[in-house]
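The chain below stands alone and is given as structure tokens, in the form predicted alone.
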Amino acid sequence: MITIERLQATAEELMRRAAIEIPEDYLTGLKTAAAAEDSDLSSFVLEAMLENYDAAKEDGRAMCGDTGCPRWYVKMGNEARVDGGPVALEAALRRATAKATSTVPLRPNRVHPLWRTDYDNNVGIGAPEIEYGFEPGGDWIDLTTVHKGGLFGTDYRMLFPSDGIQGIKRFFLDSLVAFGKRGLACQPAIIGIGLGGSKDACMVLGKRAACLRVVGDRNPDPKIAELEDEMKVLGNSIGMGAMGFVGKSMVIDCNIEIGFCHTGGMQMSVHAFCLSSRRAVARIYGDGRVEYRTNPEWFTDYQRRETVEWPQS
């Protein structure tokens, strides 16, 4: 049985780690981009970013003044049990979010869309978002927090089967150019692409692809993995670099996730994660042990399953 006290304490620590510590996979990708960048302004921005990350970790302060909109991804092993159940779990995550807003601190970004009510704690109606996944076996819970900017850096288009791969590439480039020219994203970033599903599912797939997969990870479908590599190269060939300046460091990596869709359509979403790639993960076991990591490991074989039934071990 996982206690609420253990769960909330872990969640508070995750909020601190996500705000301050850059995941090693993203940091390595950023350093690779900085080494390859030859534009003066883009190079300057990348070097400043790397220096800022070092200072944030040394000082124990958030790496960016805008700490985004904190959200939670909860994955539960099939035998996991929480003291007080899922309602208590959600209350603990909301308390951890509110507490971390004042102690890390995080910028209180959440307001009512009409009345602009702000409780100064990033908690409100539908906030923070909590999404769930489940896995066969195990008495553990994986908590992943992501601090993603909540204004721009996303787009959606209903494509059709006849648009094919060329249509996917065209919309991808349209989105990146708009992100860069109009200041709609902080790049370079991990880009997530969702293909298929319904419109809402497509948006979820794209955001999860950006936020829950690490740099260098590849889709298990070799043809999709090849397309991910192509899209990364394509995204870095448009002449834009860090923060929209001239350069060739727009995309740190590109991840694609798919879902079966209606026969007449081919939905597509594009999502740019923040240049800080703020995420942190912990697995809490039934005996109280906690293991921290930075790879969410969300997209398992079970999450991508095509079968009606899942083979029981």
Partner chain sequence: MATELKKIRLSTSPTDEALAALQIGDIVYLDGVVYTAREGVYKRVIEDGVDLPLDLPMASAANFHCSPAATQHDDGSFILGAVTATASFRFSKWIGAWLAASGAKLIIGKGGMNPEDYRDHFVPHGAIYLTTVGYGTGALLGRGVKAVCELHWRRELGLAQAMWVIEVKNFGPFIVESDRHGNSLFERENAKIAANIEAAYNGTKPAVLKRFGETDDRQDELI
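Positions refer to the first chain, counted from 1. These numbers were taken from a predicted model, which means no experiment stands behind them.
The protein also exists as the form predicted in complex with the partner chain; that form is not presented, and the subsequent description refers to it.
- Taking the partner from the other structure, the partner chain in the predicted complex has no heavy atom within 4.5 Å of any heavy atom of T97.
- Of the heavy atoms in A91, none are within 4.5 Å of the partner chain in the predicted complex.
- Taking the partner from elsewhere, V177 is found to have a heavy atom lying within 4.5 Å of the partner chain in the predicted complex.
- Contact between F44 and the partner chain in the predicted complex is found at the 4.5 Å heavy atom cutoff.
- Although the partner is absent from the chain shown here, none of T3, N78 and D221 has a heavy atom within 4.5 Å of the partner chain in the predicted complex.
- G183 is the sole member of G137, G216, G183, G85 with a non-hydrogen atom lying within 4.5 angstroms of the partner chain in the predicted complex.
- This chain is displayed alone, yet in the predicted complex one of L275, M266, A282, A33 has a heavy atom within 4.5 Å of the partner chain; that residue is L275.
- Annotated contact segment (heavy atom within 4.5 Å of the partner chain in the predicted complex): 152-160, selected among 139-147, 123-131, 152-160, 201-209.
- Along 162-179, a non-hydrogen atom within 4.5 Å of the partner chain in the predicted complex is carried by S162, D163, Q166, G167, K169, R170, F171, L173, D174, V177, A178, in order along the sequence.
- Cα-Cα spacing of A48 to G183 is reduced in the predicted complex versus the present form (difference of at least 3 Å).
- Distance between the C-alpha atoms of G183 and A55: shorter in the predicted complex than here (change of 3 Å or more).
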